[in-house]
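Below you will find one chain, with nothing else, as structure tokens; this is the form predicted alone, and questions on how it binds or moves follow later.
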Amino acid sequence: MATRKQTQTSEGVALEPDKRRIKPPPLYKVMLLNDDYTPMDFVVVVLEKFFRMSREQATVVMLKVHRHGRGICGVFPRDLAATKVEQVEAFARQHQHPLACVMEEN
């Protein structure tokens, strides 16, 4: 609840809003992890479908996953990041791929 500060004016007492800042919620990185079984084309489809990347962006991220073991798909508030992780993993299982998607605080 916001508190108000009293200020003395020539006409009496005026109330001013408290100017405390609310800290924005923490953001989470959503990442794909490399494995030896999920096809590269499938990873590109996942990035296009769930993270709205262009084919070129998706290919760059897929290659980062392939070469470095992980790649960042996006940064989101916690609830949205958790939803993305669940959607990607469900989609991968549905297509019988072991693709892992994780989130960590940014």
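Predicted model, so just to flag it, every value in this text is computed and none were measured. Start at 1 with the first residue shown and count on from there.
The same protein also has a form predicted together with a small molecule, omitted here; what follows describes it.
**Student:** Even though the partner isn't displayed, in the predicted complex is residue 79 close enough to the small molecule, meaning a heavy atom within 4.5 Å?
**Tutor:** It does not: once the small molecule is placed as it appears in the predicted complex, residue 79 has no heavy atom within 4.5 Å of it.
**Student:** Is residue 62 a contact residue for the small molecule in the predicted complex, using a 4.5 Å heavy atom cut-off?
**Tutor:** Although the small molecule is absent here, residue 62 would touch it in the predicted complex, with heavy atoms inside 4.5 Å.
**Student:** Can you work out whether residue 66 and the small molecule are in contact in the predicted complex, taking contact to mean some heavy atom pair no more than 4.5 Å apart?
**Tutor:** Residue 66: yes, in contact with the small molecule in the predicted complex.
**Student:** May I ask you to state whether residue 43 is within 4.5 Å of the small molecule in the predicted complex, using heavy atom distances?
**Tutor:** Result yes; residue 43 sits at the interface with the small molecule in the predicted complex.
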